[in-house]
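Given as structure tokens, the chain that follows is alone and in the form predicted on its own.
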Amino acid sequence: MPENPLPLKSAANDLLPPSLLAKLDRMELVSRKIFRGRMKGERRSVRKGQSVEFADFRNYVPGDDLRFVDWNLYARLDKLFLKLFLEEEDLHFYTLIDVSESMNFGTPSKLQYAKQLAAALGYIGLCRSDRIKIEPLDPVVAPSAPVLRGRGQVWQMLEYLNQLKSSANVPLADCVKNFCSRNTGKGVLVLITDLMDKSGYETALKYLVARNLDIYVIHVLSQEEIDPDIQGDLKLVDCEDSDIAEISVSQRLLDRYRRTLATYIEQARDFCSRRGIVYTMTSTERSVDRLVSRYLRQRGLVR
């Protein structure tokens, strides 16, 4: 049985409100792939190992450990069989958070939403003794990201997330390449981003695919971006590179914008699907509770 949810200081309530903790405490992170961990954790692996729960027999092969021979079976059948057991293993779980200026947009901001989601997933992993690492896509801050393990480090995770802020705009591909060069462990990776990069997101995702990680992309958009409520003559300034565009907003323009956005989302979903990446688009209006317990559970990240 899981322990009672960890009591958290009030400063962390906006990231992990008490109402969410009891639900998260009953979940665990899941990998679609089999990875060989460094330490034994609390999850069952489909790979046969040497733990306390019996799984199957196989024929003895010279060189096998005689401690695992079933001598009672040998006495009855005059043949040597080795006992196999279910192995428990830990999971490497990475969360990459886009901290570009565009993530500051919306109410709540996309960055705040990303931090809440990272906190929820990180809490699930820490409660199951998975190895958790949360990194901002920032070449300066990312190398100092701590590797966390165990329920006792939940508060350290929340303190780290609370201090994350938007930073200089660096191409997504450069940040992901930097991550891949510093982190060699296999496991599950969740990328939380708005995919707003004028140089494109495709190269960044290809870097992750080459690492043979179990990849999830959470595409976060604010409701103001999905359904903008604007009108009249406007001057728009790009928050990342200060590009200026003067527009006259009409219903026809808004309809065209929505069609363009729908096409962009569909292209991102298709790009990910063809490369074995699980893609989920979410609005900041959707609660993190609902996203994790319903949508990410349906997509196999949690159970």
Partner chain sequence: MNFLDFSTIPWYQWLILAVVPPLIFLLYFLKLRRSPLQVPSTFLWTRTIEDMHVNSLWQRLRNNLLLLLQLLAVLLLLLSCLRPGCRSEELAGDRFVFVVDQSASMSAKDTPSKGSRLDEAKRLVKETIDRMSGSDAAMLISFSDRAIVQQSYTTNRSLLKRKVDQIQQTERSSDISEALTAASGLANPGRTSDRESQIDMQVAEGRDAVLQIYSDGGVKEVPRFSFGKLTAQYFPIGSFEVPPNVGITAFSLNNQLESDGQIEAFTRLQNSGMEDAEVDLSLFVDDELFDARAGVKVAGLSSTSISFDLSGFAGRVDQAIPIRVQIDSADVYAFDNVAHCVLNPPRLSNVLIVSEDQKYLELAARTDRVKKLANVQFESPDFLKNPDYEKQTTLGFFDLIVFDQCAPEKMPPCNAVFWGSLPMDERWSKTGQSSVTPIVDVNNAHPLMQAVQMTTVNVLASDMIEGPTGSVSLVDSIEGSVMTLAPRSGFLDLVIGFPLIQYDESGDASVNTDWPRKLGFPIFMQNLFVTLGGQSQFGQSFNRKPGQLMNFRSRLPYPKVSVTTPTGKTETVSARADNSFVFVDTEASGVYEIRPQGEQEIDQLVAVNLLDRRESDLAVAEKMELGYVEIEGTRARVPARREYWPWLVCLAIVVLMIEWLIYNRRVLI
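Numbering follows the first chain given and starts at 1. This structure is a prediction, so every number in the text was calculated from the model and none was measured.
Keep in mind that the form predicted in complex with the partner chain is not shown, yet the notes after this line are about it.
Enquirer: So in the predicted bound form, is the partner chain close enough to residue 260 to count as touching (4.5 Å, heavy atoms)?
Expert: Yes, contact at 4.5 Å.
Enquirer: My question is simply whether residue 70 lines the interface with the partner chain in the predicted bound form - judged by any non-hydrogen atom within 4.5 Å.
Expert: Residue 70: no, not in contact with the partner chain in the predicted bound form.
Enquirer: Classify residue 232 as contacting or not contacting the partner chain in the predicted bound form by the rule of any non-hydrogen atom within 4.5 angstroms, answering yes or no.
Expert: Contact with the partner chain, yes.
Enquirer: So in the predicted bound form, does residue 251 come within 4.5 Å of the partner chain, heavy atom to heavy atom?
Expert: Yes.
Enquirer: Can you pick out, from 207, 81, 105, 155, the residue that has a heavy atom within 4.5 Å of the partner chain in the predicted bound form?
Expert: Here the answer is residue option 105.
Enquirer: If the cut-off is 4.5 angstroms on heavy atoms, which of these, 182, 165, 76, 198, is the one near the partner chain in the predicted bound form?
Expert: Of 182, 165, 76, 198, the residue with a heavy atom within 4.5 Å of the partner chain in the predicted bound form is 198.
Enquirer: Suppose contact means a heavy atom within 4.5 Å; in the predicted bound form, does that hold for all of 239, 256 and 267 with the partner chain?
Expert: Yes, each of 239, 256 and 267 comes within 4.5 Å of the partner chain in the predicted bound form.
Enquirer: Just one stretch in 157-165, 120-128, 224-232, 141-149 has heavy atoms within 4.5 Å of the partner chain in the predicted bound form, so which one is it?
Expert: This holds for exactly one stretch, 224-232.
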